[in-house]
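Below you'll find only one chain, the form predicted alone, shown as structure tokens.
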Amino acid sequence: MLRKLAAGAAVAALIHCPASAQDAYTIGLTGALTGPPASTYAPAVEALRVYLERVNAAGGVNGKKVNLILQDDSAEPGKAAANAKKLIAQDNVILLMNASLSSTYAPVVAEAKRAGVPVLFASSVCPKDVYPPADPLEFCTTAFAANYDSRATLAFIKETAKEPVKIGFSAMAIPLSRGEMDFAESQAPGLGMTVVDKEVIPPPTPDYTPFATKLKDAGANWVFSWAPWVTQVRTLEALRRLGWRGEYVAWSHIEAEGELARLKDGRFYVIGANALFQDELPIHKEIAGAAKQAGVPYPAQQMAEGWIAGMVVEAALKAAGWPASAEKLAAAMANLTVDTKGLRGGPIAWTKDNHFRTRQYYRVYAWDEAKSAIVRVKDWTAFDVK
């Protein structure tokens, strides 16, 4: 499927031409469609594509089609920079989307700012620049976000732990993951927790055992990981192979629902801002139906991030009107509220100074060994974003 997405990106670029650009909203995306982190990003991009195809089939936005151009960057900053330059200079996109590791952000944002094109982070972690006071050109729909996620996770650990917390952290060696674990490390002592270790793990790591060994030997009874899924789950699995029986909390990426069922680990929690598909909401059934009809090979439960991004793109383009420009679109995005229909605990609500959302909601899920099922451990908890 990763090859299919990459091929689709090439086809999209081939069919794009000045004539179509004059009569369509043209937007572009650079993303990790291949490479180690692709499991977190490629399904979300596929969901975005399916969503916008459905929009086009229903008549488009304001009577105009949405031309989505996909470019693979394999999570490499150099490729992401080249993609951004091409999408802006050659394809004349009015919106640039990023679905890749945080190491690609700086070059992508730099290209966008030079051209005055808004950037939407979709399935890639929300950078601090979307928080108040937000950068005028940066926006984010992704569920996970720096600082707020750690606050919510540490609060959950504090209220759940039955003994003094000795906490360790696991990060991927990329800017935002490392920075978030640094932040959590600074916050934990104020909550009465003892920080015993922090492991920053290179992305191509073949063996997580040395890092897990350090966490175990440091005496951690809780470990918190906020990183791409590969780092989170492989750290956990390495710890379990070493016989560690502590509590482990990870961010609920799109892989989380399937992985909870696979691992069946009663001491493994995932915290996130998306409702899992096991909740069987009407929107979940709609997404599952669309995925089946489109022949998407990924589980429907991995499509929420991309679906939400599609909902927001559609709403933003509708608000920008026709003809649209990057400037008009950025202005429309700075005053936008989108109902997520239960996929989140509340709407995506952007203001002039807040391009993340005004309130962030968190849920915690885990595997219940007695019920042999995934259960909600903690329902929606709201944090105001200021």
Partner chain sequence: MQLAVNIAVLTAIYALIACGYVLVYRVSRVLNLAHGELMMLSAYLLLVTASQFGSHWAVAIATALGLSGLVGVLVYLFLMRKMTGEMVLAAVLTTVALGILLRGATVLIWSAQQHYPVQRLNITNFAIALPGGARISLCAALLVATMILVYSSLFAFLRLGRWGVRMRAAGQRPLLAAQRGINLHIIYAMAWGLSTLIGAMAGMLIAMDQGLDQTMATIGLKAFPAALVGGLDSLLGALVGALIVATAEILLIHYVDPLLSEVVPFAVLIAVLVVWPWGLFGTREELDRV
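Treat the numbers as computed from the prediction; the structure is a model and nothing was measured. Take the two forms, find the largest set of C-alpha atoms that superpose within 1.5 Å, and that set is the rigid core. Positions refer to the first chain, counted from 1.
Just so you know, the form predicted in complex with its partner chain exists too; it's not on screen, but the next bit is about it.
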Spell it out for me: taking its partner chain in the predicted bound form, does every residue among Glu199, Pro202 and Glu237 have a heavy atom no farther than 4.5 Å from it? yes
None of Ser150, Gln302, Asn274, Thr142 but one has a heavy atom within 4.5 Å of its partner chain in the predicted bound form; the exception is Gln302
Lys158, Lys285, Arg262, Lys292 - the one with a heavy atom within 4.5 Å of its partner chain in the predicted bound form: Arg262
Is Arg178 close to its partner chain in the predicted bound form, meaning a heavy atom pair under 4.5 Å apart or at it? yes
Using the partner position in the predicted bound form, report whether Gln278 sits within 4.5 Å of its partner chain, counting heavy atoms only. no
Indicate whether its partner chain has at least one heavy atom within 4.5 Å of a heavy atom of Phe183 in the predicted bound form. no
With a 4.5 Å heavy atom cut-off, would you call Asn92 a contact of its partner chain in the predicted bound form? no
Specify the contacting stretch among 211-219, 183-191, 133-141, 311-319, defined as having any heavy atom within 4.5 Å of its partner chain in the predicted bound form. 211-219
Those residues of 241-276 with a non-hydrogen atom no more than 4.5 Å from its partner chain in the predicted bound form are Arg241, Leu242, Gly243, Glu259, Arg262
After core superposition, I'd like to know whether Leu242 moves between the shown form and the other one (criterion: C-alpha shift of 2 angstroms or more). yes
Core-aligned C-alpha movement of Phe277 between the shown form and the other one, 2 Å or more: no
Once you overlay the rigid core, does the Cα of Val200 travel 2 Å or further between the shown form and the other one? yes
